[in-house]
Ligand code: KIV
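In the block that follows, a single chain appears as structure tokens, in the form predicted alone.
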Amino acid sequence: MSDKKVTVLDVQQAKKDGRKLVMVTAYDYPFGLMADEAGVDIVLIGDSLGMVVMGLEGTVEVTMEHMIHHIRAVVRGCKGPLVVGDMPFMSYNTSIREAIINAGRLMKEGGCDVVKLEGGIDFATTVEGIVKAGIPVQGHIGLTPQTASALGGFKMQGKDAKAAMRIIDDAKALEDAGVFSMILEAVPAPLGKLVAKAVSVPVIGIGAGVDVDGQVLVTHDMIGLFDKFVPKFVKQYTKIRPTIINALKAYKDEVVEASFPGTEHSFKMSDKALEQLKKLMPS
């Protein structure tokens, strides 16, 4: 948006101005720095780190401690974008009080600007409680990875009219609860357009078509760094993984062949100092 720090009000104004929002994920300091330099609007430290960084099968095993650790690292690199901390599974599911405490931890201990949580109507009162506590909340509806097993896996949601209407109702409930924006994941493009029109807060899509208020992608997916699986809605702008592997292989070969390090990568010692050292060494 600009060189200044992006705020919740800036994000909301973008929808009013018809300006598309750009959101990506980051899980560490280097990626936070690069997202900042690229000038994106929003950076999400998502619980997707469980899969793309920690090697887990899903997001359910990610803890508050994991999230706080990674949020801290990203925040050190992100000065311009709005930083969103993802609330992990079971950090907000048992009670509103616990949800408020954990949301507060992400902000106080992690340093993020806002928090995100999954769920629609069923979590509207939780969202309302967190917002009333003074913590901005981004919603997440459609495909919700933390509860993907209950939704039949990582599949498109809202296929039929009834299911689509439930998602629209979820969006409206979250708006009424006070979210400043929401993510809409893996729904038909026409439904994405309808959801964006149904609410006044920005709807940021990931696999929700072009007619929403912005887009978010997992950075590791879009640069080809994580290729265990590539969702249909991901565009790979580059494929960096083969480049890294080739560099590692070249390094391995040069070490084995003793061609690395060369003289240009080695520190020198004067002949005089070397001779004095040899005299000091036991024979």
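From a predicted model like this one, the values you see are computed outputs, not experimental measurements. Numbers follow the displayed sequence, beginning with 1.
What follows is about the form predicted together with the named molecule, which we do not show.
Original post:
Quick one: which of 73-81, 121-129, 107-115, 181-189 gets within 4.5 Å of the named molecule in the predicted bound form, going by heavy atoms?
Top reply: In the other structure, the partner sits against 181-189.
Original post:
How about V201: is it within 4.5 Å of the named molecule in the predicted bound form, going by heavy atoms?
Top reply: No.
Original post:
Counting only non-hydrogen atoms and a 4.5 angstroms cut-off, does A177 reach the named molecule in the predicted bound form?
Top reply: Outside the cut-off, so no.
Subject >> Distance check, A35 to the named molecule in the predicted bound form, heavy atom within 4.5 Å >> reply: No, A35 stays farther than 4.5 Å from the named molecule in the predicted bound form.
Original post:
Does the named molecule come within 4.5 Å of any heavy atom of V218 in the predicted bound form?
Top reply: Residue-level check for V218: yes, a contact with the named molecule.
Subject >> the named molecule in the predicted bound form - contacting residues of 41-63, heavy atom within 4.5 Å >> reply: If the 4.5 Å heavy-atom criterion is applied to the named molecule in the predicted bound form, 41-63 yields L44, G46, D47, S48.
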